[in-house]
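Quick setup: one chain, the form predicted on its own, written in structure tokens, and binding and motion questions come after.
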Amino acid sequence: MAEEFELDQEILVEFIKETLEELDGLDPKFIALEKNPKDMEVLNAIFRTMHSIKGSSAFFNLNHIRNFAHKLEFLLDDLRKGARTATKDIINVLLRGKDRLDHMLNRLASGDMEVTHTPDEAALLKQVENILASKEEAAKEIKPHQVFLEIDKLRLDLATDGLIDKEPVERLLEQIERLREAVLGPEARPSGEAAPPLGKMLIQQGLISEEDVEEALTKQKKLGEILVEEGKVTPEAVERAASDQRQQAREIAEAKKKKEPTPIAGLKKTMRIEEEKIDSFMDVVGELIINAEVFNYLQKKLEGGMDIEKSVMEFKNANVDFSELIFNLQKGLAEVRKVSIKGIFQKLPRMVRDLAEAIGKKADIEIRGEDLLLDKSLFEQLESPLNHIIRNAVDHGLEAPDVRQAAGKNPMGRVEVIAEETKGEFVIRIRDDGKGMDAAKLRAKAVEKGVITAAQADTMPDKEAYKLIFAPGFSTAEKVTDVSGRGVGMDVVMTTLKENKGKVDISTTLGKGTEFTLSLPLSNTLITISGLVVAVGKEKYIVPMEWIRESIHPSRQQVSSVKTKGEIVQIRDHIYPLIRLHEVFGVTPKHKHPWNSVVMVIDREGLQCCLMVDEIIEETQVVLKDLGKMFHHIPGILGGAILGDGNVGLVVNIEGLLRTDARSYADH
């Protein structure tokens, strides 16, 4: 039990963190070993990890973890020696063993210091022992654990023959247990917290003998009744012993309640940072302190009215230096917060393997870009939507092996996951070579479920129909399974992406497969936007610079109306639909006509329009702030930003504005 030894909390915290990280890295290694059972490099890497866990847990007297890892180590050692082969069944056992170790460590992290195994852990441990004891592929050399298993069988024979209580036998068995502990490590023993049996309590009170208990147990009645009937004890004595037993049980239960586990202090979110990066921060901070002194000096000069023109020039130079230092600090902090996406990707092969096996399919996964770095907060948000899309690809996208073969495909389905950084965004592409998505079927199912109306379905383009799978409760599965089919899961993808200012695009071809493209900002903790501050009436908005191609004052002749498309602006033989920003946000403008206003030409990713504002005030760089859930449903707002004058300006979400407008602002 935990009270029998003292733990160094700081070292224990590090052990838990590092061991959980090591276990996370085992899944892809087990999958690789299953594909190539003779890959000794992978096998040795797994063995080293298990050996390390065994040794480290022994240091903390965590015998339940040590014994479990030790048994798995024996099994891995058999594979290394060629005594048995890494079959699918063996890999299944090893994967389940890795999961059990993970659970033990998480229990420990929650403050549960119990060192006995749960029933599930004990059952799996027994399965591993049975495999180790099997003679099907047993090695020629004698193995210690097999000898002790044979001794345990002999122990049962001795007990059956009534010889186990003989003093020489007891001494011999005690020495064997010492030998077992020395060779295999300490075995987890009963905690001793259970109330003693009734028979044992009566023996302790001197009322009956052990022979009386053994004889009574051979009869199919309660022990107390049997002993009373035989006149060996009075009913009152049995009741007193039973009362004492109940009292002890209550005391034990109360004691357990008082020992409710509390999470181990120190197990908070942490990051490992290279010392070199910390040094660079200190250098920047030093420069900022110097810069602050320059501003103090200039403030005194300006307050004293000394050489104003020269002071203004010095102020401009100091401000440029300050801006550069802030930029370097921000860039450095962004790099510090980045972690490798490998932490998510290394779990995917196991997930695809287990899912395909559960639904009777064959699937393989190829991963590229796993060394790419992204912000840690985004890393934590990305895992769930990525898992949902891949599960959907395996369950809904890939066909059954016989169906694929009949279609001339490889029975083994394929999923590709590619991560890359493009145009300042983090992009993940998930491709499958399955059956593809049928837009007509999706529209029909959406109408059936009341997600859209029949009229909306008739005018909905295929590209938008594919995104219907993200609607809450939407599913095309003909059969509800444990994997999918209840219309839950995929809506999580869209919700998470919206919360992190991301988007998803889908491209698909019937009979060939589907590709999901997730695009997110590189960070969701500190998002800076370069944009133009524009005025519309008394309000100020920030339009992201990346969307703006140019700004013009159109002439009357350039602006006209088209019955089916509304107002348009013609610029160099190209026609753009006109969006009045004051109409979008319900603001009273200074100018009602485009030729008196400023028109910003928006042209990016196939989305084009002219955005009408009163005037452009200045170019700026702002930090994007989330305005809260009440603004999330407004497609034209990306967030808010504090401007130089202290007021808040809304950051315009150009893409959301164009994609959700009733009119199509695509290329005309």
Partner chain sequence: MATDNKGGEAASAKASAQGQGLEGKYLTFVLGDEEYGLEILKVREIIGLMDITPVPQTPVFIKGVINLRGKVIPVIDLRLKFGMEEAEPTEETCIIVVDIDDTLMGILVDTVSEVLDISHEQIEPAPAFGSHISTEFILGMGKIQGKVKMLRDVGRVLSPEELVHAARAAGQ
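Superpose the two forms; the largest set of C-alphas matching within 1.5 Å is the rigid core. If you're wondering where the values come from, they're calculated on a predicted model, not measured in any experiment. Residue numbers count along the first chain shown, from 1.
The same protein also exists as the form predicted together with the partner chain; that form is not shown, yet it is the one meant from here on.
*Asks:* Does every residue of Arg337, Phe345 and Phe379 put a non-hydrogen atom within 4.5 angstroms of the partner chain in the predicted complex?
*Replies:* Heavy-atom distance to the partner chain in the predicted complex: none of the three under 4.5 Å.
*Asks:* Pick from 462-470, 440-448, 583-591, 285-293: which stretch has non-hydrogen atoms within 4.5 Å of the partner chain in the predicted complex?
*Replies:* Stretch with heavy atoms near the partner: 583-591.
*Asks:* Heavy atom within 4.5 Å of the partner chain in the predicted complex: which of Glu618, Glu615, Asp626, Asp39?
*Replies:* The option sitting close enough to the partner is Asp626.
*Asks:* Which residue among Glu421, Glu174, Glu324, Glu499 has a heavy atom within 4.5 angstroms of the partner chain in the predicted complex?
*Replies:* Selected option: Glu499.
*Asks:* Does Pro635 reach the partner chain in the predicted complex, with heavy atoms at most 4.5 Å apart?
*Replies:* Pro635: yes, in contact with the partner chain in the predicted complex.
*Asks:* Flag Leu650 as yes or no: does it have a non-hydrogen atom within 4.5 angstroms of any non-hydrogen atom of the partner chain in the predicted complex?
*Replies:* Residue-level check for Leu650: yes, a contact with the partner chain.
*Asks:* Does the partner chain come within 4.5 Å of any heavy atom of Glu539 in the predicted complex?
*Replies:* Glu539 belongs to the contact set for the partner chain.
*Asks:* Heavy atom within 4.5 Å of the partner chain in the predicted complex: which residues of 317-348 qualify?
*Replies:* Residues within 4.5 Å: none.
*Asks:* Using a rigid core alignment, state whether the CA of Leu20 is displaced by 2 Å or more between this form and the one not shown.
*Replies:* Moves: no, less than 2 Å.
*Asks:* At a 2 Å cut-off on C-alpha positions, does Ala641 qualify as shifted between this form and the one not shown after fitting the rigid core?
*Replies:* Passes the 2 Å threshold, so yes.
*Asks:* After superposing the rigid core, is the C-alpha displacement of Met40 2 Å or more between this form and the one not shown?
*Replies:* After core superposition, the displacement of the Met40 C-alpha between this form and the one not shown stays below 2 Å, so no.
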